[in-house]
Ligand SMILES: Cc1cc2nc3c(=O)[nH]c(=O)nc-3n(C[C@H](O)[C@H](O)[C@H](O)COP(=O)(O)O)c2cc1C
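The chain below stands alone and is given as structure tokens, in the form predicted on its own.
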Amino acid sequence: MSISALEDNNPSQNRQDDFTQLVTTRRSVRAFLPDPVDPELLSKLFTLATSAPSNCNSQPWLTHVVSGASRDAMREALMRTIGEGEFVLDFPYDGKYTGVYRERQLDVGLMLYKALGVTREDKAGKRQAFLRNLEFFDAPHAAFIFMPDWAGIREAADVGMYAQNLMLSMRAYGISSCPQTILGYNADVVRKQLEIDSSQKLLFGISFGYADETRPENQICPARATLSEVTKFYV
């Protein structure tokens, strides 16, 4: 057995601690600094993401990253369409959670509004909080995650693993991120901005860059379900 194989089978305590910290400190950031990520680091991060597993090694993810002028143009297009209620989704989503899932949705929403100083009656404040999504929370980059038009639920699961790989890779290199379903609410306008055809179907987007740690919306810490709530072991 090679030395590298032995290391893989017996990870050091440091590696375990580093991975634990990496996973548990990843969070959705909603305020970014304007500083762009170095292009070489961008290439490295998106290369690392492609090591994700997929059904029959199909690797059904198709990613488009906007920065600079292309980011600005995309932001303006999303504000004109999604921002005005013009929705064209490739994959239906009604957001109607029930039970504990609805409770979790409400909890994080209330935490965010409280951090932003938005009250229940503040319609203008709520709209501004909504539009911040379409501004990528001022992030210098946004990735739009597509899959081929023939792909279905199984492939969407593969794309989810790719996206998690991507966000953990970003976290390892000090880059913060925020996955956003809202960025997929008008697939037609996104395709138009990217100059691609309908053979690629849009799932969601990820805003990313360096976190602005001074902003109150980046201080919230949503609760996580306990292990017993989501996992059952059989012997």
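Please read all numbers here as calculations on a predicted model, not as lab measurements. For every residue, the number given is its place in the sequence shown, counted from 1.
One more form of this protein should be noted, the form predicted in complex with the named molecule, which is absent from this view; the next part is about it.
Would residue 171 count as a contact of the named molecule in the model of the complex, using a 4.5 angstroms cut-off between non-hydrogen atoms? Residue 171: no contact with the named molecule in the model of the complex.
(request) Flag residue 144 as yes or no: does it have a non-hydrogen atom within 4.5 angstroms of any non-hydrogen atom of the named molecule in the model of the complex? (result) No.
### Task
Could you confirm whether residue 49 comes within 4.5 Å of the named molecule in the model of the complex, counting heavy atoms only?
So residue 49 does not count as contacting the named molecule.
Legend entry - Distance check, residue 222 to the named molecule in the model of the complex, heavy atom within 4.5 Å: It does: once the named molecule is placed as it appears in the model of the complex, residue 222 has a heavy atom within 4.5 Å of it.
With the named molecule left out here, work out from 71-79, 129-137, 116-124, 144-152 which stretch has heavy atoms within 4.5 Å of it in the model of the complex. Of the stretches listed, the one contacting the partner is 129-137.
Quick check: do 26, 30 and 179 each get a heavy atom within 4.5 Å of the named molecule in the model of the complex? All three within 4.5 Å in the model of the complex.
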